[in-house]
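The data below hold one chain only, encoded as structure tokens and taken in the form predicted alone.
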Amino acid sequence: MNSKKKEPLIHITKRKALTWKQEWLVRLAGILIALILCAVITTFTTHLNPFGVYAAMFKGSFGSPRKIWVLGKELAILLMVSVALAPAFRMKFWNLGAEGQVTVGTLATAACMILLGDKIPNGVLILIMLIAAIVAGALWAFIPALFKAKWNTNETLFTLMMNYVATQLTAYYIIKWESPKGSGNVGIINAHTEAGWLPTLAGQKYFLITIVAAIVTVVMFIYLKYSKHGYELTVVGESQQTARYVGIKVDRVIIRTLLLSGAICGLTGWLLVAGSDHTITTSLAGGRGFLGVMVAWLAHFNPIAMVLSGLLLVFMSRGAGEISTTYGLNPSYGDILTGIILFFVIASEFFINYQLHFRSSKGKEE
């Protein structure tokens, strides 16, 4: 007996690997579709010219030399966090504690500025601040790495909890150092002497921050792609059993890699306090520890590609703020547009990895 059985309307298969140019074409197509959808939504909900809205977003990031430098600074800080996460994620150690590691870096930096600001030369102070921030960030990452390596604890929960501990520890010292008393904040540290402030290069406040971020990004790319350590952590991420079989000491690789990630996060905290904000708050990291996860994932943990994914997110964030200012819209409206664009960017990753097949007009006979 012959019977007809219909195929599924849609079935999904794994796509063959695309070239990097093809991948970015898919992403750009996703962004273009998102922009068209945002234009339609803008027209019907606000009756504004969508091209004017997009022009305001562009103006928010590139409208003046100062805005460009602020954009560069924001990109540099986000890039530092994303690059810090790359080696851990390649090893499949899901480090969600970058927020806390940056926070303890800011705490260590601020402590040095407050306690040593008027006691030692500025150059020595900056060096001590740098070492303290790197050590603090590395220590904050070392604790969950040690527990993972020795007792196979859940690194996702452990690193998340470390974020809360870092925030509360910082809150305690903010009350201890608050100025003036009762204000609940520290204020600008060493405002009169500028002790511990990073120097201004080429007449630009944020030039040094962008240079440091660029160097760290390039060095991390070389480290992951060409060094023995980079090869080892990749093997550990693919299979710990295989890594042990070929003689790689997995515990050592886990701890070493997280020390590196934490150290870069601590360095980021140093840049925030000494080079940018010159103060300390519990929210100074600004959610970059979590946003950096998206930047790293979109770039497939490639530090150079993170420049593009990071620029996209920073551009949209600053552009959303400019929309609210220019048109008097609720700040949430800019966030809605940002969310739509991000949704399509993330969705484009599906089409990079998978292919849709639609049912043919003729049913399959059995």
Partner chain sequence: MFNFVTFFPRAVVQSVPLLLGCTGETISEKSGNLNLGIPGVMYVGAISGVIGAFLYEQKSGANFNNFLAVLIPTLACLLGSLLMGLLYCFLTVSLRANQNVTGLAMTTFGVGFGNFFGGSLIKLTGSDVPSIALSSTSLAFTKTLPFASKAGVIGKLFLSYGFLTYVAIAIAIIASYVLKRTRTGLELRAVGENPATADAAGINTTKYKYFSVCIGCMVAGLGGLYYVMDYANGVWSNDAFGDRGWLAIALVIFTIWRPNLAIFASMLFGGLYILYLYIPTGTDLAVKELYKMLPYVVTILVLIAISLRDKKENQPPASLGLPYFREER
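Heads up, when I say rigid core I mean the largest set of C-alphas that superpose within 1.5 Å between the two forms. Residue numbers count along the first chain shown, from 1. All values reported here derive from a predicted model rather than from experimental measurement.
Keep in mind the form predicted in complex with its partner chain is missing from the figure; the text below concerns it.
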**Asked** in the model of the complex, does each residue in the set F290, D335 and I346 place a non-hydrogen atom within 4.5 angstroms of its partner chain?
**Response** yes
**Complete:** Here the chain appears without its partner; judged in the model of the complex, the stretch of 199-207, 165-173, 74-82, 111-119 with heavy atoms within 4.5 Å of its partner chain is 165-173
**Prompt:** Is the gap between I340 and its partner chain in the model of the complex 4.5 Å or less for some heavy atom pair?
**Reply:** yes
**Prompt:** With the cut-off set at 4.5 Å between non-hydrogen atoms, does Y54 touch its partner chain in the model of the complex?
**Reply:** no
**Prompt:** Heavy atom to heavy atom, is I12 within 4.5 Å of its partner chain in the model of the complex?
**Reply:** yes
**Message:** Is Y327 part of the interface with its partner chain in the model of the complex - any heavy atom within 4.5 Å?
**Reply:** yes
**Message:** Please identify the residue among L139, A195, L160, V212 with any heavy atom within 4.5 Å of its partner chain in the model of the complex.
**Reply:** L160
**Prompt:** Exactly one of I128, L260, V216, M294 has a non-hydrogen atom within 4.5 Å of its partner chain in the model of the complex; which residue is it?
**Reply:** M294
**Asked** What residues in 39-55 sit within 4.5 Å of its partner chain in the model of the complex, counting heavy atoms only?
**Response** T45, T46
**Asked** After fitting the rigid core, is the C-alpha of G334 off by 2 Å or more between the shown form and the other one?
**Response** yes
